[in-house]
Ligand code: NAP
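A single chain comes next, written as structure tokens; it is the form predicted on its own.
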Amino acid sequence: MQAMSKNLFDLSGKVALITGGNSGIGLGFAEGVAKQGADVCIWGRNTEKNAAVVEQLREFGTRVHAVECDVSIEAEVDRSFAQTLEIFGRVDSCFANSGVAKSGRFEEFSTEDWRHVMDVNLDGLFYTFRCAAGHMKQRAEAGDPGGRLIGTSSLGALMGMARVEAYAASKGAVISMMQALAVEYARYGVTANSILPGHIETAMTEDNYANEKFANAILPRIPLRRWGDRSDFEGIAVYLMSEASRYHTGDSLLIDGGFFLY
């Protein structure tokens, strides 16, 4: 039996790739793993936000780089992954976190908006994990097994939420994809899991939470009585990237302050 390190959560020498890592939940992932010694590559569309996050994360003393990438464009993902390997030499953990949301009455929802949500949330995840899984398989066949695939799903994949059917459908598909990847790539020492955020304060959700009617309806249903924030995702990112989770795969980890239970 392979022995674990005394420090189960030491990520020194490991490389994390995080899409949508320049803000919100993705930045929480990045901050968590960087604090434990991981080198980090951020993918994001906003060059200024990318640069600011690189400076912020470098304070933890690890290597950090950002790549401008729109994950909905297949060629950009392929180019960005190749660039990531040129800089870091390897990717130990891939967090496919980029996401968008569009809301509206279902019978009025445009095909253009539906397609945009799927392009980013589902196709982008596919393009990203296709690169990462292929890289991890290749490493394993060369005698260096192991790797982590982590997809950001949503509480909306489990609960009916009006007017966000496209978002819910894309996030439900993430769970199914991660379960399939867990089975297919286990032979290479690769684990695959989903993270399901609940009601989290990010740039994408701030308008909802500023709405008094919405807040009064939702906050009383969260047992911890607060919105989540990006710091609530540091620990789960470290755990899933670390050796402590090496036998934990195919799971959906709900980070919602107890909302789903109550």
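The numbering used is simple: start at 1 and walk along the sequence shown. This one's a predicted model, so the numbers in the text were calculated from it and none came from an experiment.
Note that the form predicted in complex with the ligand isn't included here; everything after this is about it.
K.L.:
Based on heavy atom distances of at most 4.5 Å to the ligand in the predicted bound form, which listed stretch, 31-39, 216-224, 54-62, 192-200, is the contact stretch?
P.N.:
Only one stretch passes the 4.5 Å heavy-atom test: 192-200.
K.L.:
Would you check, heavy atoms only and a 4.5 Å threshold, whether S245 touches the ligand in the predicted bound form?
P.N.:
Close contact is absent here: in the predicted bound form, S245 is far from the ligand, nothing within 4.5 Å, heavy atoms only.
K.L.:
Looking at the partner-bound form in the predicted bound form, is L240 within 4.5 Å of the ligand by any heavy atom?
P.N.:
Judged by the heavy-atom cut-off of 4.5 Å, L240 is well away from the ligand in the predicted bound form.
K.L.:
Spell out, yes or no, whether the shortest heavy atom distance between R148 and the ligand in the predicted bound form is within 4.5 Å.
P.N.:
No, R148 sits far enough from the ligand in the predicted bound form that none of its heavy atoms falls within 4.5 Å.
K.L.:
Quick one: does A66 come within 4.5 Å of the ligand in the predicted bound form, counting heavy atoms only?
P.N.:
Flag for A66 set to no.
K.L.:
Going by heavy atom distances of 4.5 angstroms or less, which of F129, Y185, Y167, F109 would be at the interface with the ligand in the predicted bound form?
P.N.:
Exactly one listed residue reaches within 4.5 Å, namely Y167.
K.L.:
Pick from M177, A140, V120, A133: which residue has any heavy atom within 4.5 angstroms of the ligand in the predicted bound form?
P.N.:
The option sitting close enough to the partner is V120.
K.L.:
Output the sequence-ordered list of residues from 205-236 with at least one heavy atom within 4.5 Å of the ligand in the predicted bound form.
P.N.:
In sequence order, T205, Y209 come within 4.5 Å of the partner.
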